[in-house]
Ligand SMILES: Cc1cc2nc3c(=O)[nH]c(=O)nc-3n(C[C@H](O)[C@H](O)[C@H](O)COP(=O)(O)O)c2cc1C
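Take a look at this single chain in structure tokens; it is the form predicted alone.
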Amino acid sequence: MIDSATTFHKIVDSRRSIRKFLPDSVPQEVLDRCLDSALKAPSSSNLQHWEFVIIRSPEVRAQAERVCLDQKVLQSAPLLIAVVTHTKTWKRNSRFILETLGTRGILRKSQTQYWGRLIPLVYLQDPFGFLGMLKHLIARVVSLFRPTPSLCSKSDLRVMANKTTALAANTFMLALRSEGYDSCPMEGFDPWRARKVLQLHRGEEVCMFLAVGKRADKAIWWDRILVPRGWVVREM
């Protein structure tokens, strides 16, 4: 019997960026299971800054392919997904977390203070970014005397939100591989045109596009090239 650790490592090892797909569509039940797994990915303060946009419309798909520079992989991918980062859903999501904790009867004062007071203090911005710059400066000064997080400016929040969105995307790709399906994450795209095609608003941006489907023959360009472990791992 294969243990869960062995199974997981095999899934990680077999996940590759696939460049050619079979025409087979992705069953909705498979997609739903993979999305459910992705939504359980860790996120900063559990605020879940992501959105998966499943592109079904042929018209939107054609526009999205153009946005993605008409990469060859899109010619065979049966499904295209945009993984979108949100930096302005924190109010809604914080409120939902507190309401859910209250409904479950486990809401504590510390939780109310965290999502009701601290999160607004960290996330609140003005249209021009002056408040964020001020908070960043204050945090930097305070950090001279004690450890202080820097999630205060617009750029800080944007980086943090994209980090958690990428975690969800990676979880989704591994879930697909466990179901026998594959993906190809794409960062090569026009971010301004992508926002227009997907009708995104301020505080929303595409983190990456994902081509999804079953791998075809000769779908992998070459064997993995991994830099030496010593280049990317060190101990202190």
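Each residue number is its position in the shown sequence, starting from 1. These numbers were taken from a predicted model, which means no experiment stands behind them.
Keep in mind that the form predicted in complex with the named molecule is not shown, yet the notes after this line are about it.
Trainee: Just to confirm, M186 within 4.5 Å of the named molecule in the model of the complex by heavy atoms?
Mentor: Close contact exists here: in the model of the complex, M186 approaches the named molecule to within 4.5 Å, heavy atoms only.
Trainee: State yes or no: in the model of the complex, is some non-hydrogen atom of T87 no more than 4.5 angstroms from a non-hydrogen atom of the named molecule?
Mentor: T87: no, not in contact with the named molecule in the model of the complex.
Trainee: My question is simply whether R224 lines the interface with the named molecule in the model of the complex - judged by any non-hydrogen atom within 4.5 Å.
Mentor: Yes, R224 sits close enough to the named molecule in the model of the complex that at least one of its heavy atoms falls within 4.5 Å.
Trainee: Is the gap between K214 and the named molecule in the model of the complex 4.5 Å or less for some heavy atom pair?
Mentor: No, no contact at 4.5 Å.
Trainee: Does the named molecule, in the model of the complex, lie within 4.5 angstroms of each residue among K40, N46 and R95, using heavy atoms as the measure?
Mentor: Checked in the model of the complex: no contact with the named molecule for any of the three.
Trainee: Go through S76, Q125, Q71, N162 and name the one with a heavy atom inside 4.5 Å of the named molecule in the model of the complex.
Mentor: Checking each option against the named molecule in the model of the complex, the one that comes within 4.5 Å is Q71.
Trainee: Go through 177-185, 25-33, 194-202, 47-55 and give me the stretch that gets within 4.5 Å of the named molecule in the model of the complex, heavy atoms only.
Mentor: Going through the listed ranges, the match is 177-185.
Trainee: Along 12-27, which positions have a non-hydrogen atom within 4.5 Å of the named molecule in the model of the complex?
Mentor: Residues within 4.5 Å: R15, R16, S17, R19.
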